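First, one chain by itself in structure tokens, the form predicted alone.
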Amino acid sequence: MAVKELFAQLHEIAENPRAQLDKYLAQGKKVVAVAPIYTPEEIIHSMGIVPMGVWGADLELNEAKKYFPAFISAIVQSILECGIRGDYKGVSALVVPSLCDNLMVLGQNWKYAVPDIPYVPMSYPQNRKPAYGKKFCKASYERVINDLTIATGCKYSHPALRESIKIYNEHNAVMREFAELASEAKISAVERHDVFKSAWFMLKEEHTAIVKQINEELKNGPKADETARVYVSGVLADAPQLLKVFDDNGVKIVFDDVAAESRQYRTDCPEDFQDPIDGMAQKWANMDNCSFLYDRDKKRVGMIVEQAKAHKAQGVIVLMTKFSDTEEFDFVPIKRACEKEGIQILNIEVDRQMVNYEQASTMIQAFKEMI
């Protein structure tokens, strides 16, 4: 299959996740919704359940405003809005990790606003590296297993989790390879994004098979000819109009530190633990370089600079999700580090409620001239 046909296939899935949900339900599969930013998908997958990502949508907020203050991320508000209006009808539960105040509030409000879909909390320890952090994490995973068993009737087993860990590790590797190949390949920002977004709505083994084909095509395909190369960071880069601004102005995204994209695939789960849940806890302990993970030394800042330089990025664009405190706290040290290295940096505030991207377009055009 030609690479354009593969991209078109993933674009359709990325744009119409409801069709994917209906397809899995028609196959008799149970589906569980997984909220940002890290959920234990391997555990859900091992129980014979399809994990499907929910990152909200670009829609008008009405009912969700009854539960949230105005100064909270539109991502979590739109997740709740979608739940209230029935967009997730058919899923058996929603798993929400408690990694920031926004997500904690989402879970509590969900219980009352969408009572027909059970809320399953995933409580991660921020002190994740010491033995007590891993013990706490394991206990949280075991609670998720128990809650999902009650919600879905599906059973857990160690052998099944070990197999799911292998499937997810392979998917991680394929996605990391895609990100590197896309750095030099002639593909649009929209096509690049579709590969990442579609992964949230597909069984990982199905997505892996398609992305493997794309990777093989990219290895021998035409190389990029854009005149500006940028590194993008943020929580979400999901607005088609914004991505079109990159493409229309010949600005190529050469790599990313986006929570919904490459950040998901940095860390594999160790496969050599007798109890695979211990392996999952060790994976959490091994994770770093994310605004949602406690890091006193802010190692993420240096990582962004090094990755930008390694991919020959001429500038860094931070897509700052409005009211995302975790990202906002990191911006100042990132800005200072980029300026110290002579890397131009641009901050664009984004929001699920944005309908006009003319200002962002002007900013990106001016940024291109600067770099």
Partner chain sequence: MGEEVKKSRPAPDPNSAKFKLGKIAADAYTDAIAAKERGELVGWCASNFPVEIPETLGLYVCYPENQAAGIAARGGGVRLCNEAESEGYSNDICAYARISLAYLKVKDAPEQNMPQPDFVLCCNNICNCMIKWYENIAIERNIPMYLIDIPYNPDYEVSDAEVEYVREQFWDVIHSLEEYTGKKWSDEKFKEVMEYSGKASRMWIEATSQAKYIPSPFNGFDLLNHMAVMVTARGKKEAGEAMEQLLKEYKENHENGTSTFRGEEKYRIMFEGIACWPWLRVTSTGLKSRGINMVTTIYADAFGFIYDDFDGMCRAYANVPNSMNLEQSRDKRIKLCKDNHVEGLLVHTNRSCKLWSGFMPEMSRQIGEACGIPVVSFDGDQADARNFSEAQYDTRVQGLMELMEANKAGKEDK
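Only a predicted model underlies this, so the values are computations on that prediction, with no experimental measurement involved. Numbering follows the first chain given and starts at 1.
One more form of this protein exists, namely the form predicted in complex with the partner chain; it is left out here, but the text below deals with it.
When you look in the model of the complex, the only residue of Arg85, His158, Arg143, Lys166 with a non-hydrogen atom within 4.5 Å of the partner chain is Arg143.
Of the residues given (Asp295, Glu271, Glu205, Asp278), Asp295 alone sits with a heavy atom within 4.5 Å of the partner chain in the model of the complex.
You can rule out all but one of 241 to 249, 205 to 213, 187 to 195, 121 to 129: in the model of the complex, only 121 to 129 has residues with a heavy atom within 4.5 Å of the partner chain. Highlighted residues Ser98, Asp325 and Arg336: every one comes within 4.5 Å of the partner chain in the model of the complex, counting any heavy atom. A residue is said to contact a partner when one of its heavy atoms sits within 4.5 Å of a partner heavy atom; Gly28 fails this definition for the partner chain in the model of the complex, lying far away. Using a 4.5 angstroms threshold between heavy atoms, Ala173 stays clear of the partner chain in the model of the complex. At the 4.5 Å threshold, heavy atoms of Val114 stay clear of the partner chain in the model of the complex, well away from it. Heavy atoms of Trp200 never reach within 4.5 Å of the partner chain in the model of the complex, leaving it off the interface. Contact annotation for 47 to 72: residues with any non-hydrogen atom within 4.5 angstroms of the partner chain in the model of the complex are Lys66, Tyr67, Phe68, Pro69, Phe71, Ile72, listed in sequence order.
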